Structure formats: C-alpha cells, structure tokens
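Below you'll find only one chain, the form predicted alone, shown as structure tokens.
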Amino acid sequence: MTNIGFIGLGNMGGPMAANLVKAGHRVTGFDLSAASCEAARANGVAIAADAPAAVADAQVVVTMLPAGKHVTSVFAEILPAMQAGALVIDCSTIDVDSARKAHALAAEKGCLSLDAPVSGGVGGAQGATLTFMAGGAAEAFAKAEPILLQMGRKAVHCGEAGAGQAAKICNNMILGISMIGVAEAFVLAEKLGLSHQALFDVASTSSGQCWSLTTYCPVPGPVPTSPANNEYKPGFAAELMVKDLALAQEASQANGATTPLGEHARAIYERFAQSGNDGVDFSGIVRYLREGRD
C-alpha cells in the first residue's frame, strides 16, 4: 500500500483516484469543488482540508488540473508540504513550458516528477483503460509506472521533462483532424445515399481506417459504445478539444512547425464549441457539418 495524495477530483481525477483506492492504496484528496470531494469520498478517498494537507504524508502525489497556470500554482503550494524524495505526477494536459516549470519546482524540493497526460477520456478514467504519455527522468518513470498502470492500461516514457505533454498535443492534433475527416465522409455518404453501416464496413477494413472511425464512430449504429449512440454526451468534450488544438498551435508557432490542418481543425472546433456545443462530445462535430455550419 502506498500513501497517495490526489489534487483535482473532477470528471477525470475522481475516477482515477477511485481506481487507486480499489488497487489498495490509501488515497487522500482535495478539490475546490465540494461536490467533487463528496463524490470522491463516496469512493473511498479521504478528503483533506486543503491541498497541502492532502500531500503531507504522501509518497506519491497525482495532480489533474485544468491548465498550466493551475499546475504551477498548485506545485508551488504543495511542494513545501511534501517529503523530499516523494514523487509528483501531473496528469493534466498543459503547455510544455508550464510542465517544465513544474518539473523545476519539484527538483528544487528534491522530489521526483513526471508530466503524464492521458488519453482515453472519462470512460477510460472510469474503466482504468487510460494511456499515459510520460515525460521526466527514467527513475521517476520507473517509480510511477506501477501506479499509472493501476489507473490505465498503458504508460509510455516519451523522454525528458515536457515530453509527455509534447506527445499528448501531437496525438490530439491527429485526433481532431481525423475526426473531422471521418465526419465529413459520413456527411458526404448521406448525400450520396450510402448507409452509415455500408461506409463503416468498407472504411473500417480499408485505407480509411482510423481510431476516430473504428472506436469512436461519429454516427449512431456501427460502434454501439461511441457517444453518437448516447446523444453525444462526453466522452471528451468539444471545449477540451479546442484547448488541446490551441496548445498544439501555440507549440507550432513557438517552434516553427507548419501545421495548416491542425490550425484549420482548431478553427472548426472553436466555431463548433462557440455555437453552444462546448459541452458536447467532440464527435458531435458531424452534426455541425451536416447542418452546413462551416
């Protein structure tokens, strides 16, 4: 059993913390939302009065927060309360520069650190099927991997500090672009009188095959577990896709990369989210395209 502190008990962090409890760890958590704290408490997480109290006796600390400014602020708050030599794992999706600043703060305290954003959405958090993309020292990854694999099914060490965030934004740029392509194909197929199932049966076994089609199909029917069969409830909300695509574009501009499809996908998803769909699953972009809104 490991004493684990967990900061950020929302839609992703709450189920992740619950899975650590199921794995036999003693988990103490904190979140600014009282409702999130109560939900986590119901799943066996001990709730602390504040973030420093949640980490005081922890050998491992996990954070799951909205943005880079929150991560660096929380690190500055909790590290003075942590034991030297403890491991802190940030699972938020943030910009690479903020991730590296968080690593530097941890190093000043003498703590091991890992940036380990996730792929898999709320369903993956609940089912412990997440993929972790990790950046940091090999020693930190070796210590973190058993913990990560109790919250997910795969953990990849991508390189040094910030490499996990780099992998995440590149992966999600692919995801955003591919989902628009798949959705456009289904909209065209509808116009041509082709059934959803017919297009799926062809594309899923030929050159059009991709995760956005075979696992997360944006139309009802072919993949029963996709959000399309549940009124596009997330899943992975459109506002989160906008965030990730914006991070990819910031990184592209800062590093001189040419990513025109990534920029176009960001603009399309931004318009989709701003039209009242920010809380809709990102695969709902098919409805927006069907209406000829872009």
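In this text the structure is predicted, and so the values were computed from the model without any measurement. The first residue of the sequence shown is number 1, and the count goes up from there.
Another form, the form predicted in complex with a small molecule, is not on view; read the next lines as being about it.
- Put simply, of 106, 118, 147, 217 only one has a heavy atom within 4.5 Å of the small molecule in the model of the complex, and it is 118.
- Between the options 27, 240, 228, 60, the residue in contact with the small molecule in the model of the complex by a heavy atom within 4.5 angstroms is 240.
- The three marked residues, 8, 13 and 92, each reach the small molecule in the model of the complex, with a heavy atom inside 4.5 Å.
- Of the stretches 255-263, 52-60, 232-240, 39-47, only 232-240 has residues with a heavy atom within 4.5 Å of the small molecule in the model of the complex.
- The small molecule is not shown here, and in the model of the complex it never comes within 4.5 Å of any heavy atom of residue 189.
- Taking non-hydrogen atoms only, residue 246 never approaches the small molecule to within 4.5 angstroms in the model of the complex.
- The small molecule in the model of the complex is approached by residue 32, whose closest heavy atom lies within 4.5 angstroms of it.
- Contact annotation: residue 166 falls outside 4.5 Å of the small molecule in the model of the complex, judged by heavy atom distances.
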